[in-house]
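The data below hold one chain only, encoded as C-alpha cells and taken in the form predicted on its own.
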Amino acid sequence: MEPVLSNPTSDRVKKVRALHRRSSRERAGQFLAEGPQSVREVLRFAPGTVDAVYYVRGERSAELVELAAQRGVTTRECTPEVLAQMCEAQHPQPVVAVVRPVSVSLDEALAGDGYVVVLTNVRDPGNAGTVIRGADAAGARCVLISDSSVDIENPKVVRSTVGSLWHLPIHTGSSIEEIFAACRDAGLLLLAADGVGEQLLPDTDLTRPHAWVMGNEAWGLEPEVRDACDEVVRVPIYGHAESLNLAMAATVCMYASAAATQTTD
C-alpha cells in the first residue's frame, strides 16, 4: 500500500493543481473532475478516461474508491491539506479525478437520434455546464460547442454539469461554419434561439429533425450566424421579465423539443 500523500508542495500535487490552467490542460491532455458526483459518473460511464483518483478517507469517498477498484482505476489517499491544494473550490470536495478529454468527432456526435444543441460564443462556464446538464436531462442527441466558446474542461464547467459531461456525446473545437455544414448534412433544420425572433416557440414545429443554436449570454447570436439559420425562434415572455438567461432559455427550448419528440414516438 502506498503512503498517504501528505506534502502539499510535492511535484505530483503541483501537476494536478496546474490543471486549473487551460494551457496546462492542453499540454497534459488531462483535466479535473472534482467532487463525488462528477467522479462517480466518470467512473460509471467513462472509466477508461480516468488516469487517477485522489481522495480523503471518509464515508463520502469510500464508495468511490471501491468503484474505482472495480474499474481498474488507480487511487491515492491524501490528507485534507493536499486535496485542498489540488482543488480550486473554496470548500474542496473529498475526491478528485484526473481524466482525459471527452470530445468526440462531429460524425460520432451526430450519429444518434433526436434533436441537437449547438453553442457558439458561450463564454460563461456555469451557463455552458448548465446547458450540457439540461441537454442530458431533456434527452438531446448531442451538444456541439464551437471553437469560440468556453473550454468545457474548465473546472467550473465540469462542476456545473454535475456528471452530465459523460452522459451524452459532446463535440468541441470546430468552427460554427463546420458545425452548421455537418448539421445540414445530417438533415437537421437549424433553429436559432434568439430574443429578436418573430416566431414564437409554441408555434414552432419541433417534430422535424432540428438543432437548437444558442449564442452568447450578453448579445445572443451574431447576425451572420442567426441569418445562416433556417428559423429564428423566441421564447415568449408572459410577465415583466426583460429576458431569460441563456441556460433558462435553452432548457425551455430543449424540453419543448423533448415533449414534441415524445408525442410523435
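Throughout, we count residues from 1 along the sequence that is shown. It should be emphasised that the depicted structure is a prediction, and the values quoted were computed from it without experimental measurement.
One more form of this protein, predicted together with a further copy of the same chain, exists but is not displayed; see below.
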query = Just one of Glu81, Glu77, Asp136, Asp151 has a heavy atom within 4.5 angstroms of a further copy of the same chain in the predicted bound form, so which one?
reply = Asp136
remark   = Residue within 4.5 Å of a further copy of the same chain in the predicted bound form by heavy atom, from Pro236, Gly48, Gly29, Gly58, is Pro236
ask   = Where does a further copy of the same chain sit in the predicted bound form: which of 164 to 172, 106 to 114, 189 to 197, 67 to 75, heavy atoms within 4.5 Å?
value = 164 to 172
request  = May I ask you to check whether Thr204 falls inside a 4.5 Å heavy atom distance of a further copy of the same chain in the predicted bound form?
outcome  = no
task = Considering only heavy atoms, tell me if Ser10 and a further copy of the same chain come within 4.5 Å of each other in the predicted bound form.
result = no
task = Please run the contact check for Thr130 against a further copy of the same chain in the predicted bound form: heavy atoms, 4.5 angstroms, yes or no?
result = yes
message = If we define contact as a non-hydrogen atom of the residue within 4.5 angstroms of the partner, is Gln262 a contact of a further copy of the same chain in the predicted bound form?
response = yes
task = Select from 234 to 258 the residues with a non-hydrogen atom within 4.5 Å of a further copy of the same chain in the predicted bound form and write them out in sequence order.
result = Val235, Pro236, Ile237, Tyr238, Gly239, His240, Ala241, Glu242, Ser243, Leu244, Asn245, Met248, Thr251, Val252, Tyr255, Ala258
